[in-house]
Structure formats: C-alpha cells, structure tokens
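To begin, one chain is listed below as structure tokens, in the form predicted on its own.
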Amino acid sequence: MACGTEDLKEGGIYLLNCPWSLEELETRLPAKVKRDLCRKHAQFYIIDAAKLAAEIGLGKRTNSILQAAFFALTKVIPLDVAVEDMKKNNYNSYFKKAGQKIVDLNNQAVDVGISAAVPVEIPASWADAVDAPAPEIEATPFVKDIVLPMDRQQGDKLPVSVFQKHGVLDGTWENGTSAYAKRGVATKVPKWDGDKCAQCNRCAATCPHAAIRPVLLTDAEKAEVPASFQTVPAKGLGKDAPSYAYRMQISPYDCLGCGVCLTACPVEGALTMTPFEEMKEEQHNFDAVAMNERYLKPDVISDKNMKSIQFAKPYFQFSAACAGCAETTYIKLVSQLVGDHMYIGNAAGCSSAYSGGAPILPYCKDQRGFGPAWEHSLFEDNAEFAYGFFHAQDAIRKEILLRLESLREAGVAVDAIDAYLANWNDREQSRAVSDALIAALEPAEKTADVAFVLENKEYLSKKSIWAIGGDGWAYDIGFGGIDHVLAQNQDVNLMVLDTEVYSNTGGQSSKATPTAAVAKFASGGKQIAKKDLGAIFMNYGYVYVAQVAIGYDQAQTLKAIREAEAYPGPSLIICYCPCLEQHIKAGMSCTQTEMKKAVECGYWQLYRYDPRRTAQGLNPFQLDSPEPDTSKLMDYLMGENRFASLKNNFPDRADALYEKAICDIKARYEKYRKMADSTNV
C-alpha cells in the first residue's frame, strides 16, 4: 500500500480494494498513505471487489471487477470500447477452459465493476497524519536484520555485510521464517464451535497451511492461558488417556481462507467462515498456546491414527502455496511424523517455490533446535541429490561407529556406546540413545576419537531421507534418476506430488496427464494413457510403492507413509493432488472432496506394495480402493474443466476421447484387482 502512494503522481487516481466503510478508513489507513493521498491531491476511491465477486458467483476472482473499475476511473480509452474489449477478452480467456457460464459471470463482473468504486473525500487533517509507533516484534536477529526488510520489499538495500554477519553467504537460511509473515490476506476465516465439533482433527489434517491446530490442556494449564481460549472436554483419546480440555485453534493471519477445512469437516456448523475482522484477535491465542511446544502432549501423540498425529508439531507451516493446495497436506503430515530428523531434497516446481521462497521458509525447528534440513535441487537430478544426502550422513556415521568401537575397547562410556550401537538404527530409540551417548562423552577426556564424535554429534541419530517433487520431475524429466536411485536398494524415500500436469510452469502436459485431459501441448486432449509409475517400480520386487489420496482415506495415507519410512529399503509414495491447473468447477475449497470422488468412481486407485510381505508368504500388493462405481466416472470428468473444456473446443472428437479415458481407467483398476487377487507371491 505504501509503495502505491509513493508512486502516485500529483492529482493521480488511487483505487483501494478493501472491505472498509468510509468511516473506517480513518483508523485503518497508515499515516504515510494518508499524508501521500492528501499532499498529492489524489482522487481517492474504494471498492470491495471480494464482496462483489462472491455475490456474483465468482468466488474470490476479482480481476474482471477491478479491471473494469480501472477503465471507468482512468478513461484511458473510451469506456464503451473498454467494455467491449474486456468482454471479448473474457470469451477468449475463459470459454475454452471453463465454458460459457464463466464467460457470462466475468461479463457480469465487468458491468458491476464499472460503477462500483466509491469516491472518498480526503480530510485536510490527513496531510499531517502522525505515524503510529512501530510494533515491537519478538524475533531472532536474523529475522530482524534480513527477513523483515525483505518482507517490506527493501531487500535490495541490504548490504553484503549483513549477510556476512549472519553467516549466510553460503546460501544457508534460518528455518521457520514463514511464522513472521502474518499476511492476513483472507477476508473470511473459520470459526470453531466446540459444542458441535466431533474432535476428529480432519480439519487440521487437511489444512494446506497448518493454520488450524488442535490443542489439549490440563486443568492447571487452562488456568494460565488467556480467558478467551475457551475449551471443551476432550473425547476419543482412549480409555487410559488423562482428562484433557480440547480446542481447535485458528491462526487468522496465516489462514488463506480457502475453506478446505469446512469441506473436510464431517459435522455441519462445527466450522463457519467468519469475517477476518471478527476473528483477528484469535491470533493471540494461536501464538500464545497453539504455537507453544510446552502444551504438546507426548502421551497422546501417536502415528497410529490421523487424529493422534495431528497433536504433533508440524515442521512445515504457513507456506505461500495456493489457497487450497493439496500438495502441502502431504508434506505437513510427513513433517509431523519424522520432521525432527528429516533430510529433504526438493525438485524444482511448485513444492520448491512454496518451500524455499526466501525470505519465507515454512520448514521450522523445535525448541531443541531439531527440524528438517531442506535443499532445492534441479528437475533432472533431485533423486540423486537426495541420495547424496543419504551417502554423506551414512559415510560420517560409519566413521563415528569406528571411533565408538575404539572408545569402547578403551573402556570409555561403555554402557552408553553399547546402547547406541544396539539401537541407533531404531527410529523409536535413536534419539534417546544418541542423547545419552553425547551426555556420557562430554565429560570424558577429549581424545581424538571423543572429539570427532562430539564434533559430528548431529549425525548420531537415524535420519529420514526424502526426495520430494511433482509429476514433471517423477514421470518425465527426473525419471531416469529416480529409477537409478530406487534400484540401489538403499533407505531413501521418494514422495511424488501428482497434479497430473506441470503446475509450476504453466500447465503443460506430462506423462502423468491422463487420456482426454486438456493441457498445454495437449490442447486437443491427451491421446494416450497416463504412465503407471507405481507399477514400473513394483517390478523390482524390493521397492516399497504406495498410491494415496488423503481426501478419501486419511488412515491409508498415514499407514503408507509410516510403512514407507519404516521400510529399510527404497520407497515411493504417489500422492494425488488436485490443483488449480485442473480447473475444478467446485473450486479449490473442495480439493479433499475431489479426491474422495476420484477414488469412489475409480479414477484414482489406492494401493500399497510392501516387499516385506513376500517373506511372510503374503501377496506384497494390497489394493486399498473399494470396488469403484464407474457409472460416476463421466460425472467426475465433467466436474473438472480440464476434461469438460474438450467438449467446448473439439466436440467432434471429445466423446471418443472420453470413452478411451474411461476404458483406460477401468483397465488400470482391473489390473490392480488381479494383482491383489493373485496367490503368486
């Protein structure tokens, strides 16, 4: 906002999109904006484009409304010419992708936007508006010196010496800086009703931004938290669980208002979208309680079910992903399971953009300083890059093990070393035996062996290695590297965030794009079937492979990730991720329910291939999908404009491609069903 008034010319037009009334501007506008508007004799207008878009039926799409207001106010070209061109552009932009209905709605938005701007008479007193004291932000020196200036678009003014001071000239960055962004971009955020809540934690599990979290408190803790932190008695924690109080807490400033939590909630009215202004005071409760690790309950946290794991700290939070993004729900879940000992290689794409878009980094650390170590790699070599993480830490640990054997023979910290050697590779005990070993060696004589172990203590505990990326990486550009790494039979995990299109680079077709889907380079509909990535790697016989959709079966998703992480060899998890590029007619608030529809009609199949079952005489392949209702397949396809638009643009070939798409989907399910029924192991 301040940048806009800085660039404002004398007598210029300033249009502010905001939900405020004329009376509220006095207290809402920053002093600098008031001074600039008054001293530059601006023509000032306000418009609530978000409200107008919602009333029309465009959801949060405000571009046509604001564009129309711009031409109506500036008169850079005759208004009738501008309206004609805008409506012509609406047809060219939306008809092929979304159909005539969306064209009509945008035309209506143009008509509304022309007269929607409200003029504001600028008070003379604004010329001398006084700046309010800047709020004191509790943050690390790195955040104050680097992150906050960059967040204010002042990064180009930072001298190299500041980066040198904080030791980041090598490209390292402090974790968890997304917590300081507090963008507050949602016009409405969810409000929790404890009396209606089923306490299933599905909303927290599906929130793309970790902006809604369950909290448990003891009676003593209830007395120390803010009075506004209202709770209800906790239920469903198990018969042996202590008596806790429960609350689902929202972070208004971190929420993007996507509404995914509402569509995932099984109880109508437990969450309701409420104006941000009414909810913003809840931020204090979130920061003081939900973000405070002292209120975590280790006795309740468990990876055995989705409800229990949602009480764990997410080590991936407040990313700048699209509102409603399905990809981040999977990453957040993995971080809750293994985030304190996780190494991540991230392929170029959406996941690298929202995971490493400095200065906002969503991967964070806990109060002990543990958290994921994340690095961005290229499209073509991310699997090899993550494999390098595995080898690097493995080589250091092997040297540590040699040193510990020498120390043991010398009689140094024998019990602690024995316990470590026996349990360092056990993910449940690795951290404890590592801590005990460090405690035993710290008072010991600093021989070369002791010094080496202590200098490399971060490598003592077992690490969980992950390569993460989209279908462009996994199915296409990085496939050769993925094949090479999985074939090595080492303990490396790969997570594929499958949007079935190159999401980050403009919606190009990939080998994950299914038959009949419209995408760039497949404008007439994809002619061939989707590549079966999972089946390819099942053929090795020693790769754990799973295909999941968290919106259909949270338990199956959790089980697959848990099994993959525990499997001592390579693993591949393919996650279905509905995306903006799929143009879901119901909107991005419905990404979780879209997954549910996809599985129910047979479009997407759930399975797990676990090589360990072979040694037990069991079929390693388990089909977790129910028998699909394929009569709903066509309805599902028509619910996404990537399929439906084919009928608009190529009606003569659409039906044949739809038929082929359905045949391809049925054939894949039938193949999996036969694999599941097979007695050959």
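Residue indices: 1-based, along the sequence shown. Note that the coordinates shown come from a computational prediction; the quantities given were computed from them, not determined experimentally.
Separately, the form predicted together with another copy of the chain exists; it is not shown, and the next lines address it.
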**Prompt:** Is the gap between Q488 and another copy of the chain in the model of the complex 4.5 Å or less for some heavy atom pair?
**Reply:** yes
**Message:** in the model of the complex, does I528 come within 4.5 Å of another copy of the chain, counting heavy atoms only?
**Reply:** yes
**Prompt:** Does F479 reach another copy of the chain in the model of the complex, with heavy atoms at most 4.5 Å apart?
**Reply:** yes
**Request:** Consider E84 of the chain shown here, and say whether it contacts another copy of the chain in the model of the complex, taking contact as heavy atoms within 4.5 Å.
**Result:** no
**Item:** Site check N539, Y542 and K671: each within 4.5 Å of another copy of the chain in the model of the complex by heavy atom
**Value:** yes
**Prompt:** Considering another copy of the chain in the model of the complex, which of F286, Y475, Y315, W192 comes within 4.5 Å of it through any heavy atom?
**Reply:** Y475
**Prompt:** Considering another copy of the chain in the model of the complex, which of K297, K511, H376, K457 comes within 4.5 Å of it through any heavy atom?
**Reply:** K511
**Fill in**
Assert contact_stretch over 261 to 269, 317 to 325, 531 to 539, 552 to 560 against another copy of the chain in the model of the complex, heavy atom within 4.5 Å, equals 531 to 539
